[in-house]
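The form predicted alone is given below as one chain in structure tokens.
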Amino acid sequence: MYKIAYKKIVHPIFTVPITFAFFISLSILLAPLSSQASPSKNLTDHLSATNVILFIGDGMDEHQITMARNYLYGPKGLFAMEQMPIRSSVKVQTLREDNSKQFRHIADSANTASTLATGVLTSKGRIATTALTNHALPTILEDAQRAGYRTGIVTTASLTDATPAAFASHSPHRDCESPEDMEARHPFIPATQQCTHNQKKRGGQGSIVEQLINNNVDVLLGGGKKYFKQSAAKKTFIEQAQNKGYTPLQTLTDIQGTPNHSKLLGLFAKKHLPTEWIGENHHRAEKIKTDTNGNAIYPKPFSCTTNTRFKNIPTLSQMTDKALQTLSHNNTKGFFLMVEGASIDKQAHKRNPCGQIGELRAFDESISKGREFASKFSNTLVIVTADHGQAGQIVPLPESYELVSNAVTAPQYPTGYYAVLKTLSGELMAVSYATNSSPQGLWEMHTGTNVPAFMEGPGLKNIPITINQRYINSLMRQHLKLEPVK
């Protein structure tokens, strides 16, 4: 199994094959231009269509990228995203809900995705709304729609989850996912962000799932079936979507057999899609145990394996490919597409390094699809970034702690939860999670580090070394010729 997986992943996209493929594709497409005047105009328009593909790796900071790269490729390999020509470091900024003139230094997916979507800073938990005052902020997807572009959202999470929601809905809090959520009072949500503020009967825009259906996004692919099966006006949201022209998809077979000219609503899981990889025998990081002398008892090394629950479900790469085909079909204007690798973050919360690595691998394969598309349609801007930092960092192997223990004659061992992975190259790599106390801490927490941005396409001259998430929004708006955020 590992040999098969290794062959599949050790060939990231390189510049030479992409360039060669581009010239072959271009020569085939342009061959009939000299003899057929009418098709030539259509082909030229199609090739010059203006497109933006934004890839968001949820929780994908440099630690998580390095961990996955080390496991998959060893010291010499690179991800497809790391071969993109422009790279910047991105500051992640968050406002306080109770005082929007002050910053918080730890973000969540809702406020950071909202900044990427709107170009405006907001507070934790908010979905494209202003801190405290709850004003709806227009998103780049909505503005692109109004300008005549097609739009799409692809995610491995529920389509109602924070990141996808931030591009096509407006809510005081990310937990306002369905009509059932709009009536309840949520004990962990500030008073100013309760879902009741957004009830339709109070003049609000309703739940996130209602807004997603009503906002007419051309392609919606991800999870969240449990929310779309809920009803309003005596019809489920799936039925309402069908009435609006959507083709519902539930399996890999569906996505492969549906024509590219359809509006698509893909719901491939009850909530979030299962991860592609897990630890062998379901191993995750563990709390370090000690013997009677206080010496650490280290967990045994383990490898990553495929998840048997991932059956007849499209990969993120397959969903991305389908979205690109559908959005570009007979489209001379262009499109905006957001693709999220959601469970890099979700598996870090669960201290599951194999889940993280497998999802980062899947995310990078979807980026390869985006780069392949951009190599054929040169007026395509591709941006890869993350929303915030996450737990999980590479730390010394047990032997290092044991050497120090012997040298100082006192037990030394890592804090938090600890795992030793057997990488595909046969080396060992240790990973630690220590952002929440153990054993009481149920999950790991976000971190406040910068995140990377990788870019390629037109209009990327003189990109600063350090930027912020608002800058990414302005780049995308500039490429689509949309009005800048005021």
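Note that the structure is a prediction, hence the values are computed from the model and not measured. The numbering used is simple: start at 1 and walk along the sequence shown.
Beyond what is shown, the protein has a form predicted together with another copy of the chain; the following relates to that form.
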Response to the item:
Heavy atom within 4.5 Å of another copy of the chain in the predicted complex, from candidates 105, 329, 270, 202, belongs to 105
Worksheet item: Can you pick the one in 265, 84, 120, 383 that has a heavy atom within 4.5 Å of another copy of the chain in the predicted complex?
Response: 84
Worksheet entry | Per-stretch contact check against another copy of the chain in the predicted complex, the hit in 86 to 94, 248 to 256, 109 to 117, 354 to 362 (non-hydrogen atom, 4.5 angstroms) | 86 to 94
Discussion item. I have 124, 404 and 446 flagged as a candidate spot, so tell me whether each of them has a non-hydrogen atom within 4.5 Å of another copy of the chain in the predicted complex.
Written reply: yes
Discussion item. Taking another copy of the chain as it sits in the predicted complex, is residue 50 in contact with it (heavy atom to heavy atom, 4.5 Å or less)?
Written reply: no
Discussion item. Residue-level question: is residue 75 within 4.5 Å of another copy of the chain in the predicted complex, judged on heavy atoms?
Written reply: yes
Worksheet item: Any chance residue 295 has a heavy atom within 4.5 Å of another copy of the chain in the predicted complex?
Response: no
Practice prompt. Using the partner position in the predicted complex, report whether residue 390 sits within 4.5 Å of another copy of the chain, counting heavy atoms only.
Written response: yes
Worksheet item: What residues of 462 to 480, in sequence order, lie within 4.5 Å of another copy of the chain in the predicted complex by heavy atom?
Response: 465, 466
